[in-house]
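The chain below stands alone and is given as structure tokens, in the form predicted alone.
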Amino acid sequence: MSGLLTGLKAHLWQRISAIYLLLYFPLAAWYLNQHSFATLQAFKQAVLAGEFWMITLLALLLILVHAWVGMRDILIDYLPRKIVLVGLSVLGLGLMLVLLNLLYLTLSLIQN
């Protein structure tokens, strides 16, 4: 299967996203623990304050990359080639819809 994302590149992206997420989740837990959230508005202000929202958006994108590479490798390793092509197309479309939804959500939170 030839494509832009070879096995070595996919492995590199999987490791980069894993390391980032390993560092992000404890930081996010500590950051959110420092704030008391009486209302949803207070939560939005704390999450969107400073650079934290950019760090979180990058984490969400890397979760999608991590999921894409993992599911891609599972499909390639365990399914016949025709099913893999269809499966990867459906999975890619689904992840793109999730990404668009996350971008819309982010923009709507920033504007409010």
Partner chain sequence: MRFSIYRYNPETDEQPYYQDYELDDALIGNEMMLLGALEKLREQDPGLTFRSSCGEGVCGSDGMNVNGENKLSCITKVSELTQPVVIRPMPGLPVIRDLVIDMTLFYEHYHTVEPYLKPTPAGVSIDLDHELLQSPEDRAKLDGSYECILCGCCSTSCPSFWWNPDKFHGPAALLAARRFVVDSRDITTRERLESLDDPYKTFRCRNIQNCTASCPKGLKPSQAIQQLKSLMLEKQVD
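Positions refer to the first chain, counted from 1. Being a predicted model, the structure only gives us computed values, none of them experimental. For clarity, a rigid core is taken as the largest C-alpha set superposing within 1.5 Å between two forms.
Missing here is the form predicted in complex with its partner chain; even so, the following discussion is about that form.
| Of these, Ile83, Ile76, Leu58, Leu64, which has a heavy atom no more than 4.5 Å from its partner chain in the predicted complex? | Only one option qualifies, and that one is Ile76.
| task | Using the partner position in the predicted complex, report whether Ile110 sits within 4.5 Å of its partner chain, counting heavy atoms only. | result | It does not: once its partner chain is placed as it appears in the predicted complex, Ile110 has no heavy atom within 4.5 Å of it.
| task | Please run the contact check for Thr6 against its partner chain in the predicted complex: heavy atoms, 4.5 angstroms, yes or no? | result | It does: once its partner chain is placed as it appears in the predicted complex, Thr6 has a heavy atom within 4.5 Å of it.
| Can you check whether Leu95 is within 4.5 Å of its partner chain in the predicted complex, heavy atom basis? | Outside the cut-off, so no.
| query | Is there a non-hydrogen atom of Leu12 within 4.5 angstroms of a non-hydrogen atom of its partner chain in the predicted complex? | reply | Looking in the predicted complex, residue contacts with its partner chain include Leu12, since a heavy atom lies within 4.5 Å.
| query | Just checking, between this form and the one not shown and with the core aligned, does Pro26 shift 2 Å or more at the CA? | reply | It does not, since the Pro26 C-alpha is displaced less than 2 Å between this form and the one not shown after the core fit.
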